[in-house]
Each structure stands twice: as C-alpha cells, then as structure tokens.
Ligand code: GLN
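First, one chain by itself: the form predicted alone, in structure tokens.
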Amino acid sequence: MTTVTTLAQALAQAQATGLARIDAQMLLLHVLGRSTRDRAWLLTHDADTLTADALARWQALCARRAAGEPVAYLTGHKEFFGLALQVDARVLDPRPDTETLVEWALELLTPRPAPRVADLGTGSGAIALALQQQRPDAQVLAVDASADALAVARANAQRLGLAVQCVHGDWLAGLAGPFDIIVSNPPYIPAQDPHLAALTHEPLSALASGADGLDDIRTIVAQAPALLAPGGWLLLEHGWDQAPAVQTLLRAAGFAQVQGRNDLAGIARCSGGTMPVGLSPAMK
C-alpha cells in the first residue's frame, strides 16, 4: 500500500487491493482502540488522520488478513450471540451460522426447568456460553479434547461471569448423564476437501473428520443415546450437503422426530432428533 493520511484514504486503498471493506474497517477500529461495532464512527471521522505508527500496524494486519488469517485472530475478539468472545489460533473462529444451533437448542429448552446441557467440541466456548447466558438456571458442560481450546473457553467463561463447566474429554466418553440436550458443532469437512487449503490458520483437528467428514458425527450419534434423558435431544451442526446422511445416522441409532434447521442463507445447517422415552437407555 502507498502512504495515506486519512481514514477514508486508508480504507479506499485497502479496498483497491481487494480486501473486503468490512475487514479493513474492523482492523482499523482495532488499531485505533475502538470497538469493532463502531463502524459508524469511521464515517463521521473519515477526515481524521492516521499516525505513521497506526498506519504501519494497520497495514501489517491487512497483509495478514489478505493471506487468509481470520479477522477474529487478528483482533483477538469475535462477537457470537451477543457475547464478546476472546479467540485465537487455538480455536475455530466462531461463525454466525452456528447461532442457528443455539436458537434451536433454546427453543427446545424453553419448557425444561434447570436443564442439563453438554456442548461437545466447545472450542472458544461460544455455544455453551450463549446457552448459559440465555438460561442461567441450566447446568452447561463445555467439553473439548484440546486442552488449549479448553483454556480459551475457560477464560471466556471467567471473563463473562458465566458458570459453564469446562471438561477435558473425547466427545461423551466418561461423562455422566443424563442430559436434556446434547449439542455439537464437530469437525465435518472431508479430509481431502480442497476448501481446507483456505483454512490453514485454523486448527485442522477442529475442521476435518475422515474421508466423508462424518467420522466424529458417527461417534457422537453412537454415544448420545446412553446419556440423554428420556425425551432428550441431540442437535448437530454439519456441512451444507450432509443433512441427508446425518439424519440417516440419527434414525439408524433410534432417534425420533429427526429434522433439520436452515441458517439465514437457507442452507441446511443443523440436524437433530430426540430419543423416545421408552427407548432411552438413560431410563435403565
């Protein structure tokens, strides 16, 4: 980039290089010490000048973003379901699409007093923390096999003052049920998917899952019935084309009322089902 002086000039130059305007704006707000929600401020201060130091730091961040590093890693923050989360390369960058899973879980939890919830593969804790914030009476477990990811989730829980319990574990192995709802946004990308090349800054173990992307979902579907309360639900996020396969797995495992939810773009984002009362192993 060439040297620029005003905010407007800086943003125009970044856009000319192909960087998305919203990314450039959020990085500029970060460098200026302002909230990334304060994009309107940039419009009213577009004639303000940047110091040489601020310009250099912003340009360096723009270069890293152009190389594929998520904005959330560059700023250290990401908003999810109204919560300001701290994130870094130890966890996935939480996607807005995952809020579909949270909304579905909250619908199902509405009639249940003091529910027990398990969030598997919690990463930054996004899902678990959103559910705990909306349902303070719930007992929410945030489970992850990565100690590094759990450290991020635990720090977010402490900073936000939310009583989520962080548990180191491999999906549901070793957990004590029953749970009213088990939710998960597990790895679901096929190991050889070419799109993984664009996600090299994020932890591969949280993205890919076997040849068809369903290895971890198979494990969760197999483990969940024994730990669900009678009438409890398992909700899973998955890839855009995986709903038929995931719903077939759920039915084969004995789940009823198998159905899905679309995200805001109309993409089949989540599938789930309930364990019929008479068939729930948790009753035994």
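None of these values were measured; they are calculated from a predicted model. The numbering used is simple: start at 1 and walk along the sequence shown.
Not pictured, yet referred to below: the form predicted together with this ligand.
Can you say which of 187 to 195, 83 to 91, 102 to 110, 163 to 171 gets within 4.5 Å of this ligand in the model of the complex, counting heavy atoms only? Partner-contacting stretch among the options: 187 to 195.
In the model of the complex, which of the listed residues (Ala145, Leu207, Leu175, Ala151) lies with a heavy atom within 4.5 Å of this ligand? Looking at the other structure, the residue within range turns out to be Leu207.
Counting non-hydrogen atoms within 4.5 angstroms of this ligand in the model of the complex, say which of Arg116, His77, Arg135, Arg95 makes the cut. It is Arg95 that has a heavy atom within 4.5 Å of the partner.
Wondering, does Ala155 line up within 4.5 Å of this ligand in the model of the complex on heavy atoms? It does not: once this ligand is placed as it appears in the model of the complex, Ala155 has no heavy atom within 4.5 Å of it.
Are there residues in 236 to 266 with a heavy atom within 4.5 Å of this ligand in the model of the complex, and which are they, in order? Residue within 4.5 Å: Glu237, and no other.
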